[in-house]
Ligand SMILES: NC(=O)c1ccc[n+]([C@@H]2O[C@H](COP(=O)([O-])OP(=O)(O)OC[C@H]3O[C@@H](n4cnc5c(N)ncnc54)[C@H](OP(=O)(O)O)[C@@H]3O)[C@@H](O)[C@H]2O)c1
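The form predicted on its own is given below as one chain in structure tokens.
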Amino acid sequence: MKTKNVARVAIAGFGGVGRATANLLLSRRQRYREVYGAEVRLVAVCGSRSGLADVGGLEPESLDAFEPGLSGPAFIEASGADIVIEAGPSDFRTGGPGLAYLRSTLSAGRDAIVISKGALVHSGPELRAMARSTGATLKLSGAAAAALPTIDLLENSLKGCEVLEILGIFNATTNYLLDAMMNQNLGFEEALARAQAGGFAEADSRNDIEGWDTASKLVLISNFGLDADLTMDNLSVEGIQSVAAHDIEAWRKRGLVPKLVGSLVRAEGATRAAVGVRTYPLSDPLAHVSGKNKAIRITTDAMGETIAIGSGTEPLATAAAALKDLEHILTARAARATGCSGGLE
């Protein structure tokens, strides 16, 4: 009788996205069995101060029974998880709290799926080198614009081409605000208040509004998709906080649509990257990326321009992006198992 290929998953960070990821993973267990021959068990989840673990696998009804003190990298390591999904708060200035979880995970050769951007922006080269040295897989679809395919396009669809330019509308909050200011005649403060009341913007939206979230995603897409070595210090970053009513009126009169854009240009061996407001005529597809949608335009030497536009209901869309990474890991494991006689539990 063939033994099962068991994949033990832990989730570090259990806010809205972490919980959505757990619920979606548990709902897809039958798919994982049928498609990959894998028994996927959620063996641990934790927040900043409490958590829950079960080596046999947690069930949806048990996810509210957290126990104080069950948290931190040592707790995740003790759970026996071989795949860790990092979904905690994001702080690109310190890397925490995700950095400690990722160092623990990757140094031990366990695979990591990253949703929060902070640790990868702060210590990306270190974590990439750690993954290479131990043979661990490091995936980050949830961090690099989530439901919008970004690194996927660079690694797969445009493979072999030289990327000349990337332009991206990577932040849903700022896109919603600019859209509301242009089309609903709202001032910046009123648009922000409505977005916060509707759950489209965080109570503290400075990282979004000042361009730092867009900059973080641009750094990740560049470094992990193009093997670049960008840091936040390499970017010129401007947000939308200074957009005024007279700017909006001037753009309307000229038939232009403003977007907060992350841009990267590669030429003559040099890379230039920036975040700031750009305007587009209605003839440009980026002008029609409305509301909470995101978009990326990639220009290559051989395939010309490729544009992707996407959105999804949060936090489900980000959870689905993370579990797309899980399926890539399961695919690789199934391929290794097929290619050799051992390796399965």
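The first residue of the sequence shown is number 1, and the count goes up from there. Just so we're clear, the structure is a prediction, and the values are computed from it rather than from any experiment.
A second form of this protein, the form predicted together with the named molecule, is not displayed here; the remarks below concern that form.
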inquiry  = Taking 4.5 angstroms as the heavy atom distance cut-off, pick the stretch from 29 to 37, 54 to 62, 312 to 320, 272 to 280 that is near the named molecule in the predicted bound form.
reply    = 312 to 320
query = Does Arg110 reach the named molecule in the predicted bound form, with heavy atoms at most 4.5 Å apart?
reply = no
key: the named molecule contact at Lys117 in the predicted bound form, heavy atom, 4.5 Å   = yes
query = How about Tyr101: is it within 4.5 Å of the named molecule in the predicted bound form, going by heavy atoms?
reply = yes
query = Does the named molecule get within 4.5 angstroms of any non-hydrogen atom of Pro97 in the predicted bound form?
reply = yes
query = Here the chain is shown alone; which of Ala215, Ala87, Ile221, Val84 has a heavy atom within 4.5 Å of the named molecule in the predicted bound form?
reply = Ala87
request  = Heavy atoms within 4.5 Å of the named molecule in the predicted bound form is the criterion; list the residues of 48 to 66 that meet it.
outcome  = Ser48, Arg49
